[in-house]
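Both blocks below hold the same protein chain, though in two forms, and each is given as structure tokens: structure 1 and structure 2.
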Structure 1
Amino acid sequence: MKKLSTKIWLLVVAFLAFTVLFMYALTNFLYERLYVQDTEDAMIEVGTKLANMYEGGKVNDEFVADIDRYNIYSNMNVFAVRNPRELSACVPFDIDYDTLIGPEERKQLVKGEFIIKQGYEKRFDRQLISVVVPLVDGERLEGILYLYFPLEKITELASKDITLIAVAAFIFLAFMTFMTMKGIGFIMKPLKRLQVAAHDMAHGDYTTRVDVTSKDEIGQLSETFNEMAAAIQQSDEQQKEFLANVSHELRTPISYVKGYSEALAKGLIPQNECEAKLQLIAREAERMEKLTTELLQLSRAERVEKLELMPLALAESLREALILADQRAHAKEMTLTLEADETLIVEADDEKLKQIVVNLIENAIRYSEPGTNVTVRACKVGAMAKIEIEDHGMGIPVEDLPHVAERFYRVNKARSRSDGGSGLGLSIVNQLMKAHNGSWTIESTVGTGTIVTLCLPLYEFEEE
């Protein structure tokens, strides 16, 4: 009972068996209703007509003979009874004799009503349908007409062929059982394939795929499975690449720190260069610290920490972000400009919003020539606040634009170390914007500059 196909198969077979039984019962029921009712109606009609021949007074021999004659040619059995003993005439007295009609039936007959009986009759030792029609003169029950017909059950009718019917039913059931089993096997084949593929995947084979042979639910399931497998494979590859990148990024500063510190310890560095080397060690350590800090930030952003969303004056937050980035701009002799609509109120986490903007301004500063300007603008577009950070730097080639949010992705691989970026800034921006229910885009022209556009939902004031 572990296999689904076995369960379905058993269910279908049970339904089939039930259907066979139901058909049997229905046939029996129809027999009772139609055949029995029809016979009953015919007997009532004949009985009533024959009773019309009775003209009152004593039931005479001639009448009895007429009824007997009719009985010879009729397919139903009919006889006249005029013996008061048979008609329960002595009933107030205790009679030890099984009469043809009972005392209650006699009461009914005296009133001129006919009686319909169905069931076992001891007198005839079989199942009967019988109709008793009274022969009444005034209020005297002079006799009765007793009509009866053997009530053969359908099983009795078919008793000769019962073996044949049973064998046929059995063969039919066996054949249907076999066909159902085959049919279910055919239907279940893709499911089996899916199960094998899922098993392979669970054991680390992310390249596994299933053939989609149909468009039904199982076909759709197979397609979804393939999509899922592709997504998992991609995620796995990204994970591996990420780890390789992290190792790579850390290895260079570590080798610097290790090499120079060993050389210093062994006195291999001339005295006059010692300070410069120590500064180099400190710079590389700082770089490592920055990298690990950003990794931590990214990890937190990906885990979608609960943001403390609150209404914020956007211009104020942007101004503070500019102040944070100002020192760096100053160092590169660059200027920062803010053009913001002072009325905008956004729903955001203050700290995270500033982190986003600072990240983007630092990126802009990093990839711009000294003496250029970075402009931050903010305005309202529909229910959103639009923030633009525009620089006049080197720009990003079109083919790289879709990948800039990937971790450790660098446009210029060769400049990875010298530009001072970790390759995580835009990944963090991407995660934080998602957490704010916002969106962002990047446009760039090589040699001209880059514009990053952020869209954040405006705070909705509740109407009083």
Structure 2
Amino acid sequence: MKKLSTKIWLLVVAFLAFTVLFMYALTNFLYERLYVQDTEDAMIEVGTKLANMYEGGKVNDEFVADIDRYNIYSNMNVFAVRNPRELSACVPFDIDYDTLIGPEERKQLVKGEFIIKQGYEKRFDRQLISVVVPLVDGERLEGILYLYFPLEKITELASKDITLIAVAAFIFLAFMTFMTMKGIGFIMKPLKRLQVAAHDMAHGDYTTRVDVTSKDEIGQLSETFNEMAAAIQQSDEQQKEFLANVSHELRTPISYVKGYSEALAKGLIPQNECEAKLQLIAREAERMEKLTTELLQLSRAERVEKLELMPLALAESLREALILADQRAHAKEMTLTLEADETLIVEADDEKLKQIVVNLIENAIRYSEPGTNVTVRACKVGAMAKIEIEDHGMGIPVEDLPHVAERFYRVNKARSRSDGGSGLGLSIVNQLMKAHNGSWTIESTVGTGTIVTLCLPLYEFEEE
């Protein structure tokens, strides 16, 4: 695969080649338009003025002599002849009369029109331009004026300055080559830094960054690379932290189950304590089962890109979610209350919506005192349905609110894992709300309680 520098060099060479061809074509165009055309116009002007000296009748010797005298001082050659066939005796090169003045050309001359010819002449080794001016009396061609001029070659025009042009061209090419090399090196420098940084990142160094030295496309690419590197580094750190948390969460119940089951198998525990230890083993096994279930739910929620959303009666879905959480509330002697607008139709996934609400209600129950109430409200706010889940529990400190959706984050670090959650419930809620194109917020006061607010899009009915 070709390097970028090679491609740039090829592009520069292609532009230079195009420039040379363009300048060659332009030079030839200017040569024809400025030099050849100007010479032709000058010859026609001279021929016209000399022809105006002709007074009609036979071309006399005095007119021919006048033309000969003008020829001495002119930079172009002019001859006056009575019979065009005599022209070959006047000019210093061979003329094919029939080619110069054929039947069509003779008609032009009789009408008073000029004849312009251009061709190569061996004697002069250059192009020759000639103009034939008719001397007409009435409808009779009495003679002609023949003007010719050997055109200089384009190289002869520039011969006086050819050395200067060659030196200037060489200096220009050397300067352009030097500037091109410097320019390519300047362009490639940040790209090479990007290449080195990408290589380091591919080998596991996620702390690598590149210096942003410009605001152009390469500078923007460098900024994007740094943002990507920071995101990958953060993701890697979160993954390591996540694995460490999972290992830590599972290690405790596994050690309990392993230790007490071995002790029971070996008869090391008194008979009167066996039942309590078996209950402990069952409780820890249940905690492991719940943790693995929540991990599976979180994994699925993070992989969900787009749910199959459909119109749902919000009040009915909330009512079913309360039924699912009622047993846990009853065990803690708490009550669940629903205050919902029965007309609300949301665009949501029924199973995932109930999972969101159940997770939030269970959180409210877990961190509330026995005998209190959890209230679920639902109302319309613009094009959204607002769901509030309010409890009267211990509340969340302000400094902890931004982190509650992080995996395995616990507000009260001192609480044991037996009386606290796994720290995954709100992470699942966060992922599922994103999949529903919704939003959620938490307002909490320590010692008073917490209100979690969910906003889901209302279903838009098609107008008939």
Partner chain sequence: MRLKLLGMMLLASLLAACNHSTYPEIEQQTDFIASVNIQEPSLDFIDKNGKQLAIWPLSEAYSGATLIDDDRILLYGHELDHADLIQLSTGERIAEINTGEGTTNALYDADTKLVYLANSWTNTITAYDIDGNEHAKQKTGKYPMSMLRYEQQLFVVNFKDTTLSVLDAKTLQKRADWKIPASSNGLLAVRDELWIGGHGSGSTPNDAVVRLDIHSGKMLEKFKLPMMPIAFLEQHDEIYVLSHGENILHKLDVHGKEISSEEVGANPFALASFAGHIVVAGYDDHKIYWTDGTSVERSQTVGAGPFQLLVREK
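One-based numbering along structure 1's sequence throughout. Just so we're on the same page, rigid core means the largest C-alpha set that superposes within 1.5 Å between forms. Being a predicted model, the structure only gives us computed values, none of them experimental.
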**Item:** Form predicted in complex with the partner chain - which displayed structure it is
**Value:** 1
**Asked** Any CA movement of 2 Å or more for Ile396 between the two structures, core superposed?
**Response** no
**Item:** After fitting the core, Thr207 CA displacement of 2 Å or more between the two structures
**Value:** no
**Item:** Ala383 C-alpha relocation of at least 2 Å between the two structures, rigid core basis
**Value:** no
**Request:** May I ask for the C-alpha shift of Ala17 between the two structures, in Å, based on superposition of the rigid core?
**Result:** 3.9
